[in-house]
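Let's start with one chain on its own, the form predicted alone, as structure tokens.
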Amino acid sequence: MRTLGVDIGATTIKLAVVSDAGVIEAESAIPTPKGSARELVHVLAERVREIRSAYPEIARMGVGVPGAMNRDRSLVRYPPNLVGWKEEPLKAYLAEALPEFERIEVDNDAKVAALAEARFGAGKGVSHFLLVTLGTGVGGCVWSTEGEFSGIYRGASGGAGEFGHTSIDLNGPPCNCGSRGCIEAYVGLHYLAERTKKKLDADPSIVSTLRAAQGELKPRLIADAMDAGDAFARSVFEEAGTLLGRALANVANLLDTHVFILGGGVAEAGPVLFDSALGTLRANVLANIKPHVEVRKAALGNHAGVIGAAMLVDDRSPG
């Protein structure tokens, strides 16, 4: 049976027709509308109907969305990177716009990515891990299959796992959530690009191929410069990894988590980011944890969101 998986990001909405085995049979993408939740649903519904015209048998859809959700996953609450959204009944909006669907489920985007990685990817067979998504925003999901938990840990009101909004510096840069020093304000896609640009502008002594770049310094561009031997570009990801590792260490010490899985566009920077994160993580955890911690790359890459979203309609999916 095929299911439609939708991954709503702050920049792009990805859609995919996914088989029960987690195989993507067709995929599509549209820019994320910069309006209200209802406006987004209107645009999304148009693309969904286009896809369904080619796959008329599809009657189930799962949707991942940035932002905390309540326990029954009916409300998306104040997502920092979807401007103008407050408490939005996204599931009800989708059901109203797409009555032809028999079942629609919605969950936080990092949580659906964790579902996919736990079943098909880097978290397969792992009983405890933290999944971190490094994109426009920084998301997280605490996964545990021990004791009373069946997979996703949701917390008292359903919003657990917001790793991106844990602060590593009370006097740090402002974040969209209203706090300061959040890890998202350092390694979120737009924040990372802006920090890089400011460093280049402030220090004319830096020799970097990035000076010739037009527009936003996207992580892929920085990574390409690093691969070409640009020392400054390399330092950008070394610093990002160091900051990320500090935040991961806080989670490790608090929850006794040993496995950290990183996905999203920024994670494509590769070994420099991962090695820096792991070194800082090991340097800042308790002695009993130090030998066991590891940082893994998400195996499903940018497809984890749509695959995990499709899994939401599978009654076997934990969480």
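Everything numeric in this text was worked out from a predicted model, so none of it was measured. In this text, rigid core is short for the largest set of C-alphas that superpose within 1.5 Å between two forms. All residue numbers refer to positions in the sequence shown, first residue = 1.
Keep in mind that the form predicted together with another copy of the chain is not shown, yet the notes after this line are about it.
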Thinking of G158, G161 and R246 as one candidate spot, does another copy of the chain come within 4.5 Å of a heavy atom in every one of them in the predicted complex?
yes
Decide whether S53 counts as a contact residue for another copy of the chain in the predicted complex under a heavy atom distance cut-off of 4.5 Å.
no
Please check if I168 has a heavy atom lying within 4.5 Å of any heavy atom of another copy of the chain in the predicted complex.
yes
Though only this chain appears here, would E146 touch another copy of the chain in the predicted complex if you measure heavy atom gaps against 4.5 Å?
yes
Answer yes if any heavy atom of I152 is within 4.5 Å of a heavy atom of another copy of the chain in the predicted complex; otherwise answer no.
yes
Consider the chain as shown here, without its partner, and state which of S179, S74, S235, S208 has a heavy atom within 4.5 Å of another copy of the chain in the predicted complex.
S179
Contact residue in the predicted complex, from S28, S36, T32, N284 (heavy atom within 4.5 Å of another copy of the chain):
N284
When another copy of the chain is placed as it is in the predicted complex, which of 253-261, 266-274, 54-62, 37-45 ends up with heavy atoms within 4.5 Å of it?
253-261
Using the rigid core as the reference frame, would you say V76 shifts its C-alpha by 2 Å or more between this form and the one not shown?
yes
